[in-house]
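Form predicted alone, single chain, as structure tokens, below.
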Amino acid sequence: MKKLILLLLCSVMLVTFIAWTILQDQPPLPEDPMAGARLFQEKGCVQCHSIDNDDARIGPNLSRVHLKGSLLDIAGSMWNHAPLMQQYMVELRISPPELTAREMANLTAFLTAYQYYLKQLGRPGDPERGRQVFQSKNCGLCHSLQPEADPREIGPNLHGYSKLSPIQIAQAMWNHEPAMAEEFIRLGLPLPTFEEDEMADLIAYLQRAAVPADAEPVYVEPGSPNQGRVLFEQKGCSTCHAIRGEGGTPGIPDLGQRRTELVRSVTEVAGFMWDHGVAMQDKMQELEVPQVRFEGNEMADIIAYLYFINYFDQPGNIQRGRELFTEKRCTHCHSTTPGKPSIGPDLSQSPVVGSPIEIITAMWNHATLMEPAMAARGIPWPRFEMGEMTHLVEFIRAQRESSKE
């Protein structure tokens, strides 16, 4: 379990990139990678919740809770439990923590950190299946796995690849794909593509084929979403691909709206990129964009960036949000029409209505006032199912934007 704690703490260094990127004016990203871990302690969360093998706390052991969905689903779960949490905080004489939007971002990143690892690590590759992939994809026609150089080799000897991590192997394959594509054309063979776990299996085979079976495995190198966002611009990716409508070229997929393909393991995403590599290279030549090569940990950074922007911001449905605003009895206290009287703040004018993270922060901070006020009026505490908070926030943001027109 100590390894899990270390994993969580280390992963905070990766996930401080949070839903800030959905703002049009994009305020600064959180700068302190350990902020979420410290907040968990400083805000008193640790008094009720554990992230190790201690199951004696009042609240759930968060290391055993698989938080599904998007960022806003996590916020919805926190909201659902707010009255009970407040009850226990009163009993334990703990002051309900007030959070800024940045603190909410960091804390939520910490609580969801292992989501990234669950997805990134995925199913371990199977070396035996990888051997079959190596053969079926005709890799052996150009590459050898033997330590001795073979004069018949067309491509690099892959023996040394056993010392590389999976993402480093995938990166090397990406960098060599144009040359490999030309060679496959010369041989009259189709360039191989990868389905589901085939890339993971192939990499597992490359790692194990030339080393003892009991050798220490080399793991996925984690990427930095923050650095990945910088690289996405520097490498010219934004010339072709938009991120939620910003940048890009018409007719080319928006990578901020590819949740199905990009919220996956790092090897699956690498396989997805490989499969589209030739088409991407052709398009880059057409647009006179230099060929993209990755060095060091750059591919891991790019993949981490694309993973998080798709994980943390899931588009909502405004009409469904409008229905939920009524169903959850938000209309009993709040208006979304400028000038219409309401008990609580007019959400079309409220300064806290900005990004989703700002909205859920305001909801959390006001929960201590809202719960007794709702109880006094006989209004039950609203609970949100998976996806509902996303729709509600989308509606509130749309109302705010329309009121500015």
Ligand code: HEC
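Please read all numbers here as calculations on a predicted model, not as lab measurements. Sequential numbering from 1, following the sequence displayed.
Just so you know, the form predicted in complex with this ligand exists too; it's not on screen, but the next bit is about it.
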Q. Are any of the heavy atoms in residue 129 no more than 4.5 Å from a heavy atom of this ligand in the predicted bound form?
A. no
Q) Is there a heavy atom of residue 244 no more than 4.5 Å from a heavy atom of this ligand in the predicted bound form? A) no
Q. Taking heavy atoms and a 4.5 Å cut-off, does residue 263 contact this ligand in the predicted bound form?
A. no
Q | Exercise: residue 202 in contact with this ligand in the predicted bound form, heavy atom 4.5 Å | A | yes
Q: Scan 177 to 196 and note down the residues that get a heavy atom within 4.5 Å of this ligand in the predicted bound form; none is a fine answer too.
A: 179, 180, 183, 184, 187, 189, 192, 194
**Q.** Distance trend in the predicted bound form - C-alpha atoms of residue 266 and residue 76, change of 3 Å or more
**A.** closer
